[in-house]
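Quick setup: one chain, the form predicted alone, written in C-alpha coordinates, and binding and motion questions come after.
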Amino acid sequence: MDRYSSTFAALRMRNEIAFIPFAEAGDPDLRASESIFKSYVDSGADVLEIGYPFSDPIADGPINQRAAIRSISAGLTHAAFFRLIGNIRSYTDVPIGILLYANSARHPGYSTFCKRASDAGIDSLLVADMPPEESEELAAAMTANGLQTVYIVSELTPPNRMKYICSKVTGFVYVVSRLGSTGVQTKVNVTVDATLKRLRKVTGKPLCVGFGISTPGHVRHMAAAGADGAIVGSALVKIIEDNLASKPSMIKQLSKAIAAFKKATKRPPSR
(Lines give C-alpha, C1' and ligand atoms only; values in the text may rest on other atoms or scores of the structure.)
Protein backbone atom coordinates (compact mmCIF):
# COMPACT_ATOMS: atom_id res chain seq x y z
CA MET A 1 0.00 0.00 0.00
CA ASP A 2 1.35 3.45 -0.92
CA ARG A 3 1.86 6.19 1.66
CA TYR A 4 -1.28 8.13 0.75
CA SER A 5 -3.54 5.06 0.87
CA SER A 6 -2.15 3.88 4.21
CA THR A 7 -2.34 7.40 5.72
CA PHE A 8 -5.95 8.04 4.70
CA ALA A 9 -6.96 4.52 5.77
CA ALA A 10 -5.41 5.01 9.23
CA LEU A 11 -7.12 8.39 9.60
CA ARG A 12 -10.51 6.91 8.70
CA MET A 13 -10.01 4.32 11.43
CA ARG A 14 -9.42 7.18 13.90
CA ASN A 15 -12.33 9.21 12.50
CA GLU A 16 -9.99 12.06 11.57
CA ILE A 17 -9.18 13.99 8.44
CA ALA A 18 -5.63 14.66 7.29
CA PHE A 19 -3.94 17.86 8.35
CA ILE A 20 -1.70 19.01 5.50
CA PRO A 21 0.52 22.03 6.24
CA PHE A 22 2.34 23.89 3.46
CA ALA A 23 5.51 25.93 3.18
CA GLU A 24 7.86 26.89 0.37
CA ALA A 25 11.02 24.81 0.14
CA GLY A 26 14.05 26.87 1.08
CA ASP A 27 12.13 29.65 2.85
CA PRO A 28 13.73 31.58 4.47
CA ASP A 29 16.86 29.48 3.89
CA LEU A 30 17.66 25.79 3.51
CA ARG A 31 18.59 25.08 7.13
CA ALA A 32 15.53 26.86 8.53
CA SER A 33 13.29 25.24 5.91
CA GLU A 34 14.36 21.76 6.96
CA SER A 35 13.67 22.65 10.60
CA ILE A 36 10.23 23.98 9.66
CA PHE A 37 9.14 20.79 7.91
CA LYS A 38 10.50 18.62 10.70
CA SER A 39 8.55 20.73 13.21
CA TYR A 40 5.42 20.20 11.10
CA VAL A 41 5.89 16.44 11.39
CA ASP A 42 6.71 16.53 15.10
CA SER A 43 3.61 18.63 15.83
CA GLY A 44 1.13 16.33 14.07
CA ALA A 45 1.15 16.82 10.30
CA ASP A 46 -0.32 13.82 8.46
CA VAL A 47 0.90 14.86 5.00
CA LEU A 48 3.37 17.54 3.91
CA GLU A 49 2.72 19.89 1.01
CA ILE A 50 5.93 21.54 -0.11
CA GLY A 51 6.10 24.34 -2.64
CA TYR A 52 8.78 24.42 -5.32
CA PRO A 53 9.52 28.17 -5.50
CA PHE A 54 8.77 29.82 -8.83
CA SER A 55 9.29 33.39 -10.00
CA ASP A 56 5.70 33.87 -11.23
CA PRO A 57 3.39 31.73 -9.03
CA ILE A 58 0.02 32.73 -10.54
CA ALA A 59 -2.07 30.59 -8.18
CA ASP A 60 -0.47 32.05 -5.06
CA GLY A 61 -1.38 35.17 -3.13
CA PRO A 62 1.09 37.77 -1.82
CA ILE A 63 2.17 35.83 1.28
CA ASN A 64 3.28 32.75 -0.65
CA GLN A 65 4.69 34.89 -3.47
CA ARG A 66 6.99 36.62 -0.99
CA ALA A 67 8.01 33.23 0.42
CA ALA A 68 8.99 32.05 -3.07
CA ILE A 69 11.04 35.22 -3.60
CA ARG A 70 12.83 34.70 -0.27
CA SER A 71 13.70 31.13 -1.22
CA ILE A 72 14.94 32.02 -4.69
CA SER A 73 16.94 34.93 -3.26
CA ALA A 74 18.52 32.58 -0.73
CA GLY A 75 19.84 30.51 -3.64
CA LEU A 76 17.59 27.44 -3.88
CA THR A 77 18.56 25.25 -6.84
CA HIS A 78 17.21 21.98 -8.23
CA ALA A 79 20.02 20.10 -6.49
CA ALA A 80 19.44 21.87 -3.16
CA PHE A 81 15.71 21.27 -3.41
CA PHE A 82 16.09 17.52 -3.82
CA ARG A 83 18.69 17.34 -1.04
CA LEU A 84 16.23 19.11 1.24
CA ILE A 85 13.47 16.64 0.36
CA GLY A 86 15.82 13.72 0.87
CA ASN A 87 16.68 14.99 4.34
CA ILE A 88 12.99 15.34 5.21
CA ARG A 89 12.22 11.87 3.84
CA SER A 90 14.96 10.35 5.99
CA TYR A 91 13.27 11.97 8.99
CA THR A 92 9.67 10.85 8.36
CA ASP A 93 7.48 8.44 6.45
CA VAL A 94 4.51 10.82 6.04
CA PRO A 95 3.48 11.42 2.41
CA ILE A 96 5.19 14.36 0.71
CA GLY A 97 3.41 16.21 -2.07
CA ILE A 98 5.04 18.93 -4.16
CA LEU A 99 3.15 21.94 -5.50
CA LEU A 100 4.99 23.38 -8.47
CA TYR A 101 4.62 25.18 -11.77
CA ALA A 102 5.22 23.47 -15.09
CA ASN A 103 8.45 25.26 -16.02
CA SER A 104 10.18 23.92 -12.91
CA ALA A 105 9.76 20.36 -14.20
CA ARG A 106 10.11 21.21 -17.89
CA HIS A 107 13.48 22.92 -17.43
CA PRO A 108 15.45 19.78 -16.45
CA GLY A 109 13.07 17.57 -18.50
CA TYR A 110 10.02 15.72 -17.17
CA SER A 111 11.73 12.33 -16.99
CA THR A 112 14.76 13.73 -15.18
CA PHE A 113 12.66 15.76 -12.75
CA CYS A 114 10.36 12.83 -11.93
CA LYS A 115 13.27 10.43 -11.47
CA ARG A 116 14.94 12.82 -9.04
CA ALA A 117 11.63 13.41 -7.26
CA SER A 118 11.07 9.70 -6.82
CA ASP A 119 14.62 9.10 -5.65
CA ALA A 120 14.23 11.88 -3.06
CA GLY A 121 11.10 10.26 -1.62
CA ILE A 122 8.37 12.49 -3.05
CA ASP A 123 4.93 10.89 -3.35
CA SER A 124 2.97 13.24 -5.62
CA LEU A 125 3.13 16.29 -7.85
CA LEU A 126 0.49 18.98 -8.28
CA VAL A 127 1.33 21.28 -11.19
CA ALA A 128 -0.76 24.38 -10.53
CA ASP A 129 -0.71 25.69 -14.10
CA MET A 130 -1.14 22.39 -15.95
CA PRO A 131 -4.62 20.80 -16.22
CA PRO A 132 -4.87 17.05 -16.91
CA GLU A 133 -5.60 17.66 -20.63
CA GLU A 134 -2.09 19.12 -20.97
CA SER A 135 -0.35 16.67 -18.66
CA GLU A 136 0.05 13.57 -20.80
CA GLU A 137 3.83 13.72 -21.15
CA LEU A 138 4.42 14.66 -17.51
CA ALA A 139 1.87 12.13 -16.24
CA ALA A 140 3.64 9.38 -18.19
CA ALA A 141 6.96 10.34 -16.58
CA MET A 142 5.29 10.40 -13.16
CA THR A 143 3.76 6.94 -13.65
CA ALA A 144 7.10 5.56 -14.83
CA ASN A 145 8.69 6.81 -11.62
CA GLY A 146 5.95 5.81 -9.18
CA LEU A 147 4.69 9.35 -8.51
CA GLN A 148 1.03 10.03 -7.89
CA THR A 149 -1.08 12.72 -9.52
CA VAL A 150 -3.05 15.46 -7.79
CA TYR A 151 -5.39 17.75 -9.74
CA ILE A 152 -7.55 20.73 -8.80
CA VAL A 153 -11.35 20.97 -8.75
CA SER A 154 -13.36 24.11 -7.93
CA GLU A 155 -17.00 25.03 -7.40
CA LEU A 156 -17.14 26.09 -11.08
CA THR A 157 -16.05 22.68 -12.41
CA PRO A 158 -18.92 21.18 -14.47
CA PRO A 159 -20.05 17.63 -13.57
CA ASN A 160 -18.56 15.92 -16.66
CA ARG A 161 -15.22 17.64 -16.23
CA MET A 162 -15.25 16.92 -12.51
CA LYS A 163 -15.62 13.23 -13.31
CA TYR A 164 -12.84 13.44 -15.90
CA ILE A 165 -10.41 15.18 -13.54
CA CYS A 166 -11.08 12.68 -10.76
CA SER A 167 -10.42 9.81 -13.18
CA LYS A 168 -6.90 11.18 -13.69
CA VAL A 169 -6.14 11.50 -9.96
CA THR A 170 -4.13 8.77 -8.27
CA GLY A 171 -3.24 10.62 -5.05
CA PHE A 172 -6.00 12.93 -3.87
CA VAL A 173 -8.31 15.56 -5.32
CA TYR A 174 -7.31 19.12 -4.41
CA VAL A 175 -10.57 20.99 -3.78
CA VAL A 176 -10.20 24.79 -3.75
CA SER A 177 -12.42 26.28 -1.06
CA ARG A 178 -12.80 29.59 -2.87
CA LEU A 179 -12.07 31.17 -6.23
CA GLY A 180 -8.90 33.21 -6.75
CA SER A 181 -5.44 32.71 -5.30
CA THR A 182 -4.16 31.39 -2.00
CA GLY A 183 -4.31 33.61 1.08
CA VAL A 184 -5.52 34.03 4.65
CA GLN A 185 -9.24 34.56 5.16
CA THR A 186 -11.37 35.06 8.26
CA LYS A 187 -14.49 33.21 7.15
CA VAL A 188 -14.73 29.83 5.47
CA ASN A 189 -16.46 29.76 2.10
CA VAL A 190 -19.45 27.48 2.71
CA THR A 191 -19.97 26.86 -1.01
CA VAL A 192 -17.23 24.25 -0.69
CA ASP A 193 -19.74 22.04 1.15
CA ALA A 194 -21.79 21.66 -2.02
CA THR A 195 -18.64 21.03 -4.06
CA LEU A 196 -17.67 18.18 -1.74
CA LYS A 197 -21.15 16.65 -2.06
CA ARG A 198 -20.94 16.83 -5.86
CA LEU A 199 -17.53 15.19 -5.81
CA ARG A 200 -18.74 12.35 -3.58
CA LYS A 201 -21.17 11.39 -6.34
CA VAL A 202 -18.40 10.88 -8.89
CA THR A 203 -15.37 9.61 -6.93
CA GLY A 204 -14.30 7.72 -3.86
CA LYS A 205 -10.82 9.25 -3.92
CA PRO A 206 -9.65 11.41 -0.99
CA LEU A 207 -10.85 15.02 -1.14
CA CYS A 208 -8.52 17.58 0.44
CA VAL A 209 -9.54 21.23 0.69
CA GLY A 210 -7.16 24.17 0.40
CA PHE A 211 -7.01 27.90 -0.46
CA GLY A 212 -7.88 30.16 2.45
CA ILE A 213 -8.12 27.52 5.17
CA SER A 214 -6.73 29.68 7.96
CA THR A 215 -8.01 28.65 11.41
CA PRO A 216 -8.72 25.46 13.40
CA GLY A 217 -12.40 26.38 13.03
CA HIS A 218 -12.04 26.18 9.25
CA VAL A 219 -10.49 22.73 9.62
CA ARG A 220 -13.39 21.59 11.84
CA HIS A 221 -15.79 22.85 9.21
CA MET A 222 -14.05 20.76 6.54
CA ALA A 223 -14.16 17.68 8.76
CA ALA A 224 -17.91 18.16 9.26
CA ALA A 225 -18.47 18.84 5.55
CA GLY A 226 -16.99 15.49 4.55
CA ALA A 227 -13.49 16.40 3.39
CA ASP A 228 -10.68 13.88 3.83
CA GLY A 229 -8.04 16.52 4.45
CA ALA A 230 -7.47 20.22 5.10
CA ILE A 231 -4.53 22.08 3.57
CA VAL A 232 -3.21 25.16 5.38
CA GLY A 233 -0.59 27.32 3.73
CA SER A 234 -0.67 31.10 3.92
CA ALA A 235 -1.59 31.21 7.62
CA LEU A 236 1.58 29.24 8.41
CA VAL A 237 3.80 31.02 5.89
CA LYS A 238 2.72 34.30 7.52
CA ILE A 239 4.15 33.01 10.81
CA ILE A 240 7.42 32.34 9.02
CA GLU A 241 7.39 35.82 7.52
CA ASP A 242 6.63 37.49 10.84
CA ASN A 243 9.51 35.74 12.61
CA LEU A 244 12.39 36.01 10.17
CA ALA A 245 14.53 37.68 12.84
CA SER A 246 14.10 34.82 15.32
CA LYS A 247 14.18 31.23 14.09
CA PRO A 248 13.50 29.76 17.58
CA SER A 249 10.37 31.90 17.91
CA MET A 250 9.34 30.91 14.39
CA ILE A 251 9.58 27.18 15.12
CA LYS A 252 7.84 27.55 18.48
CA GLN A 253 4.89 29.43 16.99
CA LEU A 254 4.62 27.06 14.02
CA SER A 255 4.64 24.02 16.28
CA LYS A 256 1.89 25.50 18.44
CA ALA A 257 -0.20 26.33 15.37
CA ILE A 258 0.23 22.88 13.81
CA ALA A 259 -0.85 21.18 17.03
CA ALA A 260 -3.98 23.36 17.20
CA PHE A 261 -4.88 22.64 13.58
CA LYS A 262 -4.34 18.91 14.03
CA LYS A 263 -6.56 18.89 17.11
CA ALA A 264 -9.39 20.19 14.91
CA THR A 265 -9.28 17.26 12.48
CA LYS A 266 -11.60 14.97 14.45
CA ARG A 267 -14.82 14.29 12.57
CA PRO A 268 -18.06 15.00 14.46
CA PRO A 269 -20.04 11.93 15.61
CA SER A 270 -22.37 10.49 12.98
CA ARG A 271 -26.04 11.19 13.53
Partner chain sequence: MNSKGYFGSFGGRYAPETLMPALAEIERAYHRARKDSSFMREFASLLHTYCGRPTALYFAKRLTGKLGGARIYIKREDLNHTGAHKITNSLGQTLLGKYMGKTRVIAETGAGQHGVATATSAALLGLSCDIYMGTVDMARQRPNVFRMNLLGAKVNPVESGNKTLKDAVNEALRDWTMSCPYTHYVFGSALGPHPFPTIVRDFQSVIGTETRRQILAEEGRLPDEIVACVGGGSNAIGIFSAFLKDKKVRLTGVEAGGLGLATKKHATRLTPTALSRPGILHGSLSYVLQDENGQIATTHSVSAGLDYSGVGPQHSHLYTSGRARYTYATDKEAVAAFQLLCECEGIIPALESSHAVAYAIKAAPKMARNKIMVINLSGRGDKDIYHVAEYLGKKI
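Positions refer to the first chain, counted from 1. Just so you know, these numbers come straight off a predicted model, no measurement behind them.
What follows is about the form predicted together with the partner chain, which we do not show.
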Query raised in the report: When you measure heavy atoms, are 53, 128 and 134 every one within 4.5 angstroms of the partner chain in the model of the complex?
Result: yes
Report summary line: Note: the partner chain not shown here; in the model of the complex, the stretch from 76-84, 141-149, 89-97, 191-199 having heavy atoms within 4.5 Å of it is 76-84
Query raised in the report: Do residue 65 and the partner chain come within 4.5 Å of each other in the model of the complex, heavy atoms counted?
Result: yes
Query raised in the report: Taking the shortest heavy atom distance, is residue 103 within 4.5 Å of the partner chain in the model of the complex?
Result: yes
Requested in this report: Classify residue 157 as contacting or not contacting the partner chain in the model of the complex by the rule of any non-hydrogen atom within 4.5 angstroms, answering yes or no.
Outcome: yes
Query raised in the report: Does residue 176 reach the partner chain in the model of the complex if we count a contact as any heavy atom within 4.5 Å?
Result: yes
Report summary line: As a check of understanding, the residue in 28, 206, 57, 216 with any heavy atom within 4.5 Å of the partner chain in the model of the complex should be identified as 57
Query raised in the report: For 106-126: residues with a non-hydrogen atom within 4.5 angstroms of the partner chain in the model of the complex?
Result: 106, 107, 110
